[in-house]
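What follows is a single chain, given as structure tokens, in the form predicted on its own.
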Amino acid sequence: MTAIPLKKDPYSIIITGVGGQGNVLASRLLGSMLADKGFYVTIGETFGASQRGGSVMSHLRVSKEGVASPQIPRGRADVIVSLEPVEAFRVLATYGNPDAVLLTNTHPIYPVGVIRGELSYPPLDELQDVISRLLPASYFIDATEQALLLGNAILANIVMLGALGRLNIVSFDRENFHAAIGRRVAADKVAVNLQAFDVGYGMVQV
């Protein structure tokens, strides 16, 4: 794949989710693929109470010119990839703008307060409706459902990367992913990760 010219430089990508979803691995894989394409990539990460399912967010700044600050300014995200739907809404409130592209997993992870009945979780159809009205370029897939069919819910992060690749807004493809995942996981885990990537790639209509 020829490197896609950046619409702006630096180009700002957020990957968000909750602890245990593989958010950090997804950000490192994406950064590795873009670096292999010749881009400068800076990654900054923030962690809530991640061991208890708290928010985890990675900022990726991608540039052809040089190293950029790892912190994305408020309202300046170009792409938001969310592994959990409420986290998508939370990040949009701070970093979103009408020109951003959003890709979110629709499978909820309920906080302890919701499980105990102390808090309520917003209906998914309402969340999707609000997000769609805020962002014309928004995509919704149940990555977790597909990951479970492959045998492990954690593969939802890879399904999401495959879907992001299909959107063709950042410069990577299956070959780049194969090289990057081969550096990160044991050899016997590469095949199922490639399957997850392929499933995600096929879930988005553009």
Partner chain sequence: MSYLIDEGKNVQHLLMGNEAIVRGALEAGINVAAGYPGTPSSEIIESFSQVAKERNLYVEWSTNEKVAVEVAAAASFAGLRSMCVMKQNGVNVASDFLLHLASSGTRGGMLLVSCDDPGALSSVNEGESRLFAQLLEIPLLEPGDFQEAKDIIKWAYELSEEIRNIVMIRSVTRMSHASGNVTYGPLPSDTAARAKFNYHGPLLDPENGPVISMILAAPELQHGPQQEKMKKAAAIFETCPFNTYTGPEAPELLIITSSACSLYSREAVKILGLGKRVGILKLATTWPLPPVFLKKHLAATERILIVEEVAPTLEDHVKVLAAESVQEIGPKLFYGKKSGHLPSVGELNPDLVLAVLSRLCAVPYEAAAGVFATEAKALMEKLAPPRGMIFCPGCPHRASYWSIHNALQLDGRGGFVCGDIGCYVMGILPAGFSTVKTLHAMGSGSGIASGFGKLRQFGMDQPIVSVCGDSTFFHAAMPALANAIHHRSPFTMVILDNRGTAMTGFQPHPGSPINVLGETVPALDIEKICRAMGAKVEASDPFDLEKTREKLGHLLEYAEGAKVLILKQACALSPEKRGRKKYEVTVDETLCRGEDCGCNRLCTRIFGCPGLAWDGEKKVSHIDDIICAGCGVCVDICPAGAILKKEVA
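Numbering follows the first chain given and starts at 1. Keep in mind it's a predicted model, so treat the numbers as computed, not measured.
FYI, the form predicted in complex with the partner chain isn't displayed, but the following is about it.
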Quiz item: Would G162 sit within 4.5 Å of the partner chain in the predicted complex, counting heavy atoms only?
Solution: no
Self-check item: Non-hydrogen atom contact S69 with the partner chain in the predicted complex at 4.5 angstroms
Solution: yes
Self-check item: the partner chain contact in the predicted complex: G54, any heavy atom under 4.5 Å
Solution: yes
Quiz item: For S138, is any heavy atom within 4.5 Å of the partner chain in the predicted complex, or not?
Solution: no
Quiz item: What is the one choice in L155, V41, V170, I181 with a heavy atom within 4.5 Å of the partner chain in the predicted complex?
Solution: V41
Quiz item: Would L102, K189 and Y201 all count as contacting the partner chain in the predicted complex, using a 4.5 Å heavy atom cut-off?
Solution: no
Exercise. Counting only non-hydrogen atoms and a 4.5 Å cut-off, give the residues of 71-106 close to the partner chain in the predicted complex.
Key: Q71, I72, P73, R74, G75, R76, E84, V86, E87, F89, R90, L92, A93, G96, N97, P98
